[in-house]
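Heads up, the chain below is alone and in the form predicted alone; it's given as structure tokens.
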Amino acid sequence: MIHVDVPTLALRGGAIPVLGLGTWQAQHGAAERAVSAALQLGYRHVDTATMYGNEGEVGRALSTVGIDRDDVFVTTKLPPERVGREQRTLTESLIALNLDHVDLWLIHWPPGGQAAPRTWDEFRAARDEGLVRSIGVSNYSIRQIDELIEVTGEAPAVNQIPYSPSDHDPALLAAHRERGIVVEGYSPLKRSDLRAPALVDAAAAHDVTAAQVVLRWHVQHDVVVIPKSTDRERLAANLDVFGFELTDEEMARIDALG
């Protein structure tokens, strides 16, 4: 077992490691193998969802690797079509994951394009019951988040959105931070042009890959990042971004890709 000192960001209900493993499209044993390998390599943050169909695989990996439950941050998500069945869905997720709570539960998409404050109240109730440590949303706009705040008085702890250098929007990040919301970026590498000179030049300067530069860029912007891979070597490389630091000039060049 390898120990990696991954920084965390504070959020309501706990602290979230700034880099984790995404498991979208990993099924038929791939998710279990990837999560097992990731935990052995030092990952302590795993992201899944009911919609992914792999919570059982993630649960088996968590059960067999032999790491203390409190040392692993686990996220799952409610599909929009399960609105009205929030508590039942969460119970099914906990059974599949073989956990008594998850660290973060997200509304996966705005149901029907709406903010869904009633669903948000169900999330708050699950959190108050101790079944969830923190609650948040995914793919929400600031307008939809503001509706949740206006109706319920509580902002999400996290908004998980697609994020990469090409998506960079300082105003959007600032809007989240003004509301006390941590931004978590998914598909960071899929959405990046790894041939962009700003990334290639920074990679050469630090003797790393362009993909590692992208992930380091997220970390330095305090954007939680969850790259997905099922390849052990790539899993190791994706986690190996804490031994170098991008300069202000390098960060500015990468920011400009947005």
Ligand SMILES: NC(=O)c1ccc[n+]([C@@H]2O[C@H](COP(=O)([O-])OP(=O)(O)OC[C@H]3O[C@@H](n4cnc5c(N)ncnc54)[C@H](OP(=O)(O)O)[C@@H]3O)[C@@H](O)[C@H]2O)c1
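Residue indices: 1-based, along the sequence shown. Source: prediction; values computed, not measured.
If you look for the form predicted in complex with this ligand, you will not find it shown, but the lines that follow are about it.
- In the predicted bound form, this ligand sits within 4.5 Å of a heavy atom belonging to residue 108.
- For the chain shown alone, residue 226 is a contact residue for this ligand in the predicted bound form, at least one non-hydrogen atom being within 4.5 angstroms.
- Using a 4.5 angstroms threshold between heavy atoms, residue 160 counts as touching this ligand in the predicted bound form.
- Using a 4.5 Å cutoff between non-hydrogen atoms, residue 230 counts as a contact of this ligand in the predicted bound form.
- For a residue to qualify, one of its non-hydrogen atoms must sit within 4.5 Å of this ligand in the predicted bound form; all three of 47, 186 and 190 qualify.
- Contact with this ligand, judged by heavy atoms within 4.5 Å in the predicted bound form, is confined among 120-128, 79-87, 165-173, 134-142 to 134-142.
- Of all the residues from 201-216, the single one having a non-hydrogen atom no more than 4.5 Å from this ligand in the predicted bound form is 211.
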